[in-house]
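Here we start with a single chain on its own, the form predicted alone, put down as C-alpha cells.
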C-alpha cells in the first residue's frame, strides 16, 4: 500500500511579541526571524502514519511512505528527519508564490502529483494549517481525485486485505470504519500529537538521501492561480485577541470579596445541585 502524507511548515507565532505584530505596507507580518515548526495537525498525521507502518508489519503488509510539502528550502530539514524515520521518499515542491489562503491551489498540486507523477493508495493530511485555518484542502483533494474522504481522523490501523481501520471523531463520540482504498484521510485532534525523534544512527544512515525537488510550475495551475489572485484580495491582517473575559470582584477585604463571589455567582448553582 502506498501512502502519501502531506505536511506544511509554519512559523512559530508564539515567539512573536506584541510589538512584532506589526503589519507592513505589503499587508504582511515579518516572521523571517522566527523558527519554523511542523503544523500541529500535520505532525499528528506523520506520527500516525509511522505507527500504521509499524502495525502493518504484523499483518505482513508492505507500506511505502512518501512525505510531500510545498515550500522553500527551510522545509528540507524536516524532510531529512522523515527520511531518518524511515519514510521511503521525500518530496519538496518549490514555490515562490503566496498561496497560504488558496487551498484550491494546494489541493490541485497534490491531486496532480498523485494522478500524474506518483500514484498513491491513500493521501493523509492535517485538517488545517495554522495560517490559512480554512480546513478545505483535504476535502478539495478528495473532490479532485474523486476519492472518499474521512475527516477528524484520530487513529489509523491496518486491516485485512489491504484495508484500513479508521477511527474518527463524530458528534457525541467516535466512529470506527473499515474502509477500502483509495481514500483521503483528514487528521483532526488526535491523541498522538508529536512526531518521534530519530536516533543519531538513523540520521547518519538514512537522513542524507537526496530530496526530490519539483517546481510548482510543472503543475497545471497557472489559470487557477490567476483566477485566485484576481478574485480574492487580502485587505488586512488583525491579530486575534486571546485574552479571557472576566469580572473583577471589588471589596475592602478578602472575606467581603468571597461573600460577593458566593452570593452573586455560586449560591444559585450550588442550590441546584
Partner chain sequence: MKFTVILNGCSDNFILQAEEINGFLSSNALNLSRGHTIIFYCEENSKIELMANAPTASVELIKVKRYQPENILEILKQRTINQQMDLYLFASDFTGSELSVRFAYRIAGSSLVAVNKLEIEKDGLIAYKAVYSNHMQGVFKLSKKPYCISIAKGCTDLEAVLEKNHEAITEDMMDVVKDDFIKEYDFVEEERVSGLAHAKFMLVAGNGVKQKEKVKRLEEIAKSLGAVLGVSRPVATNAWAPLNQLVGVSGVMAKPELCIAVAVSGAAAFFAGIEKSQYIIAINTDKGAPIVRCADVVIIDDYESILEELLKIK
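Heads up, when I say rigid core I mean the largest set of C-alphas that superpose within 1.5 Å between the two forms. Positions refer to the first chain, counted from 1. These numbers come from a predicted model, not from an experiment.
The same protein also has a form predicted in complex with its partner chain, omitted here; what follows describes it.
Colleague: Check whether residue 87 has any heavy atom within 4.5 Å of a heavy atom of its partner chain in the predicted complex, and answer yes or no.
Modeller: Answer no; every heavy atom of residue 87 is more than 4.5 Å from its partner chain in the predicted complex.
Colleague: State yes or no: in the predicted complex, is some non-hydrogen atom of residue 136 no more than 4.5 angstroms from a non-hydrogen atom of its partner chain?
Modeller: Looking in the predicted complex, residue contacts with its partner chain include residue 136, since a heavy atom lies within 4.5 Å.
Colleague: Within 4.5 Å, heavy atoms only: does residue 40 come near its partner chain in the predicted complex?
Modeller: Yes, residue 40 is a contact residue.
Colleague: At the 4.5 Å heavy atom threshold, is residue 235 in contact with its partner chain in the predicted complex?
Modeller: Contact check for residue 235: yes, within 4.5 Å of its partner chain in the predicted complex.
Colleague: So which residues in 183 to 221, when you check its partner chain in the predicted complex, have a heavy atom no farther than 4.5 Å from it?
Modeller: Contacts from 183 to 221: 183, 188, 189, 190, 191, 192, 193, 194.
Colleague: Does residue 12 count as moved between the shown form and the other one, where moved means a C-alpha shift of 2 angstroms or more after fitting the rigid core?
Modeller: After core superposition, the C-alpha of residue 12 moves less than 2 Å between the shown form and the other one.
Colleague: Relative to the superposed rigid core, does the CA atom of residue 230 travel 2 Å or more between the shown form and the other one?
Modeller: Comparing the forms between the shown form and the other one, which are aligned on their rigid core, residue 230 does shift its C-alpha by 2 Å or more.
Colleague: Establish whether a shift of 2 Å or more occurs at the C-alpha of residue 248 between the shown form and the other one, with the two forms superposed on the rigid core.
Modeller: Yes, the C-alpha moves 2 Å or more.
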